[in-house]
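Here's a solo chain for you in structure tokens, the form predicted on its own.
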């Protein structure tokens, strides 16, 4: 073991950083819409069961691999004596790289909205949909497209913020930021929750979220809940193995994994109880949606009709900003840790170069949104061949293919190659008792890999959008 390797400065710092990684934009702008479509409380129960049976054991597995190897996501498997499984780490590192390319630009959009609500909220209110399209370089009135300079600029600022945090290191950068960012995120969540549930007309939305409409539950609903839990917890990427490698041997992996999963789930559920009642109270049930267009265009209409809407709009987009930052820095750290350890590069120049390359590639994502995605068309080449726009292609490659395959490989590795007994021995060092050892053996060997395989097949064969 490399004794000079970075470590978390405190137990709280690690939990906040790992929870911050898990808490991302999807918790806030996708989960509420999926809960609405999946029958409100019925979806919440299914989601909770999946987090318990799938999320926790896979997270325990990844953190155990990281701490046992004390290495980056690629070299972890070699350090444990199984070089043949290094492909799992490569998948994780590549996925983190690709996701950061476009996630950093979405973070830039969020930062732009924070700035807009502070400086020119009336411009957003005048035409919420047109304002969002204009940010991405599309004039809804004329149908003309133009280069989205503003979106690119704010994406560059957002990426620079991430780079500054990463350069400062694990304890002084990532941990210190999350000790500020995560409490701030929860404070904003609670303020918005109080505002949402006290709006006139919000009772119907609350009632829906607390009801159990099983008529909306089918196989697709379960698949969506599986995918949401899986991707929300940052599993199958370079993150949890990397973060686990910074853990000391006296950390309780079981307890920490449970806390991280509970924290992530709480944020998603609170977001549901903010967004659904607020939309019901202002736009009606037909206004509920999910994704970027819903978060930037539709919810701006919610704040326009809400008393004190400018203030609460600022808080909401600050919430998104903290969620984007805490997730993005974990993705970048996975890439930087791999590059610095594998090639013995210095942290500062590696971070600057990696962030610059990911930002530049991400510019194609923003530009493809401007030119094509808003109109919902594909590239049509002269020879008749067509293929998805850049953003769709990247999301398909990462979300539907590489993440499930990487996580499946991780489960097979822990369940059948390294063996659950090795993970349990790692967890129980220094006299720590692993109370979930027996169910962990079954879940990591059978339930988790089968569930991930179902996600993979469903998303590829049936075209189900899970993330």
Ligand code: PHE
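Values in this document were obtained by computation on a predicted structure and should not be read as measured data. Numbering follows the first chain given and starts at 1.
There is another form of the same protein, the form predicted in complex with phenylalanine (PHE); it is not shown, and what comes next is about it.
Peer 1: Which is the contacting stretch out of 423-431, 58-66, 405-413, 24-32, given heavy atoms within 4.5 Å of phenylalanine (PHE) in the predicted bound form?
Peer 2: Every other range fails; the passing one is 24-32.
Peer 1: With the distance limit set at 4.5 angstroms and only heavy atoms considered, check whether 117, 311 and 320 all reach phenylalanine (PHE) in the predicted bound form.
Peer 2: No, the whole trio is out of contact, none within 4.5 Å by any heavy atom.
Peer 1: Give a yes/no on whether residue 330 approaches phenylalanine (PHE) to within 4.5 Å in the predicted bound form, heavy atoms considered.
Peer 2: Residue 330 belongs to the contact set for phenylalanine (PHE).
Peer 1: Does at least one non-hydrogen atom of residue 77 fall within 4.5 angstroms of phenylalanine (PHE) in the predicted bound form?
Peer 2: Close contact is absent here: in the predicted bound form, residue 77 is far from phenylalanine (PHE), nothing within 4.5 Å, heavy atoms only.
Peer 1: Flag residue 231 as yes or no: does it have a non-hydrogen atom within 4.5 angstroms of any non-hydrogen atom of phenylalanine (PHE) in the predicted bound form?
Peer 2: Residue 231: yes, in contact with phenylalanine (PHE) in the predicted bound form.
Peer 1: Within 4.5 Å, heavy atoms only: does residue 225 come near phenylalanine (PHE) in the predicted bound form?
Peer 2: No, residue 225 stays farther than 4.5 Å from phenylalanine (PHE) in the predicted bound form.
Peer 1: Phenylalanine (PHE) isn't shown here, but in the predicted bound form which of 354, 124, 159, 239 has a heavy atom within 4.5 Å of it?
Peer 2: Selected residue: 239.
Peer 1: Which listed residue (103, 138, 365, 246) meets the criterion of a heavy atom within 4.5 Å of phenylalanine (PHE) in the predicted bound form?
Peer 2: The residue from 103, 138, 365, 246 that makes the contact is 103.
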